[in-house]
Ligand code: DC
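The chain below stands alone and is given in structure tokens; this is the form predicted on its own.
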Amino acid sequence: MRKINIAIDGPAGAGKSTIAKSLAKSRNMVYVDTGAMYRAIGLYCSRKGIAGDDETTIVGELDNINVSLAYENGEQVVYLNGENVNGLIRTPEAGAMASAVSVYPVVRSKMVELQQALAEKTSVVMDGRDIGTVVLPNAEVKIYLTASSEVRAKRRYDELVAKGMECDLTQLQKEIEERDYRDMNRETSPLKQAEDAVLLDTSDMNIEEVVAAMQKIIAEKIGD
């Protein structure tokens, strides 16, 4: 079977991870959650009390941060210096910190190197902010997944409430819009749709409909 790379980009809360996991499983490909890698760095900085805008300290700490991915029982596990942090990196705070540290070129360079190495070895479904534009510019399939900020905030709200966490819907939407602005306006690898990416707005679609739409796009691109 030939090696295929699928790049999925889009703003926070667009459902990239959920959809990418489903696609990878259905096509027997490796799922790479790049956002989780940045969240792990954000978690490290939070634990150390390092502010997101303290570039000098963050860059100085990079040699002490080892982020690795493993696949256990069919699931991606993110390790931060040997610790499984899957259950610690999905909070709004971790997401905001990930967005803050990801603007720094040295941080992105370290992560991109690892991501590209994974895609060289095997077929991957990779999601993030700059996969189709920077990390995997030659990916066979590129999809830009988006939804309105209102819909994305409600999805995140429902997800957090289901986990028993207290949150404010209005505040979540404000944070998502602020993150969009940061991600789209950062100097290094800003979030944008690759010229050859297919735009898919999921505002009025459920997960099954999105997966079906993406399977159709993939089939058209790679001929299966």
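Because the structure is predicted, anything quoted here is derived from the model rather than measured. Quick note: we count residues from 1 along the sequence shown, nothing fancier.
Not on display, but discussed next: the form predicted together with 2'-deoxycytidine-5'-monophosphate.
Participant: What stretch, of 130-138, 79-87, 143-151, 116-124, brings heavy atoms to within 4.5 Å of 2'-deoxycytidine-5'-monophosphate in the model of the complex?
Facilitator: Comparing against 2'-deoxycytidine-5'-monophosphate in the model of the complex, the contact stretch is 130-138.
Participant: Taking heavy atoms and a 4.5 Å cut-off, does Y44 contact 2'-deoxycytidine-5'-monophosphate in the model of the complex?
Facilitator: Y44: no, not in contact with 2'-deoxycytidine-5'-monophosphate in the model of the complex.
Participant: Contact between G52 and 2'-deoxycytidine-5'-monophosphate in the model of the complex at 4.5 Å, heavy atoms?
Facilitator: Contact check for G52: no, nothing within 4.5 Å of 2'-deoxycytidine-5'-monophosphate in the model of the complex.
Participant: I'd like to check something about D183: if you look in the model of the complex, is any of its heavy atoms closer than or equal to 4.5 Å to a heavy atom of 2'-deoxycytidine-5'-monophosphate?
Facilitator: Heavy-atom contact with 2'-deoxycytidine-5'-monophosphate at 4.5 Å: present for D183.
Participant: Going by heavy atoms, what in 89-107 lies within 4.5 angstroms of 2'-deoxycytidine-5'-monophosphate in the model of the complex?
Facilitator: Heavy-atom contacts within 4.5 Å come from R90, G95, A98, S99, S102.
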